[in-house]
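Take a look at this one chain, the form predicted alone, written out in structure tokens.
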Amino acid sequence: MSLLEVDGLTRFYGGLRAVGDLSFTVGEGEILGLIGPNGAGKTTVFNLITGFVQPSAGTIRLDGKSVVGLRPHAVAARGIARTFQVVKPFPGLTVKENVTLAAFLRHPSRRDAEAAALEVLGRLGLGHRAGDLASQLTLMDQKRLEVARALATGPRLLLLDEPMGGLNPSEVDVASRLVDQIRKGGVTVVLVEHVMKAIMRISDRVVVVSQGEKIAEGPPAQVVKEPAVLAAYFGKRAAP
């Protein structure tokens, strides 16, 4: 059984269809890349999976159990965490305090939550910044903090929304290794990313969406050569 099953997922905003009849699965221990041009509906898919938005139709199952209708905190309690395109730490709190707040989901006592936060920060290379204000971090480290807060909730599935956006090439390499490290730590990953170098390097499989619909699925090196994918990205007419 797949860890995550998305079947017929559809979302309308008035007369606009943002996601249409989208189906895919994610196997446990997999890194799945969810890619497509701007406005393709990728972030909407994340919003639907995590309960920020409810689907107009379709099912979402984690370990065979539906999460449709659950609020975001309940989805997180089931084991799905996410990051956001724009990092939004609590700037007036320290790095440790930011992550401790997330750790309270699994650790009701402050002592245990702080210990869990420090453990996650150590794994992500932010242990030495634990006492610094979040506002003092570089963009790269703020993105690490965003991931740390998600991991502190103890997820089985982590949805990463453009974690490499705005990073320079060397930072992208570091971030790519970090994603692989997260997977090796036992967390399944779905990655939305426009940095194709990273997608090609770390994804086991990719799903390509355009205008809310799936247009291709398979190994990265194969999918990026498909005419429908080239047409979606570059506006070229797909070959028959």
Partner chain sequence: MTRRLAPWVAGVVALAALPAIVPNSFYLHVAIMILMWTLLGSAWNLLGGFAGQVSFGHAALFGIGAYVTMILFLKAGLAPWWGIPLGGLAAALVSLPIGLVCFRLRGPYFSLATLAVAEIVKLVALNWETVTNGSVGFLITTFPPVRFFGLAVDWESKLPFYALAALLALGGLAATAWLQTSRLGAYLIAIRENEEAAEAVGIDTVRAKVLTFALSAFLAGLGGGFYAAYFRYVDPDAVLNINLSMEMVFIAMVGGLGTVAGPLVGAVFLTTVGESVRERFQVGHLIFYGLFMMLAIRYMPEGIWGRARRLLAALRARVLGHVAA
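None of the values given here were measured: they were computed from a predicted structure. Residue numbers count along the first chain shown, from 1.
Not on display, but discussed next: the form predicted in complex with its partner chain.
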Taking 4.5 angstroms as the cut-off for heavy atoms, does residue 169 touch its partner chain in the predicted complex? no
Tell me, yes or no, whether residue 79 is in contact with its partner chain in the predicted complex, where a contact means a heavy atom of each within 4.5 Å. no
Going by a heavy atom distance of 4.5 Å, is residue 153 a contact of its partner chain in the predicted complex? yes
Answer for residue 92 alone: is it within 4.5 Å of its partner chain in the predicted complex, judged on heavy atom distances? yes
Taking 4.5 angstroms as the heavy atom distance cut-off, pick the stretch from 207-215, 185-193, 65-73, 28-36 that is near its partner chain in the predicted complex. 65-73
Of 116, 130, 102, 124, which residue is found within 4.5 angstroms of its partner chain in the predicted complex when only non-hydrogen atoms are counted? 102
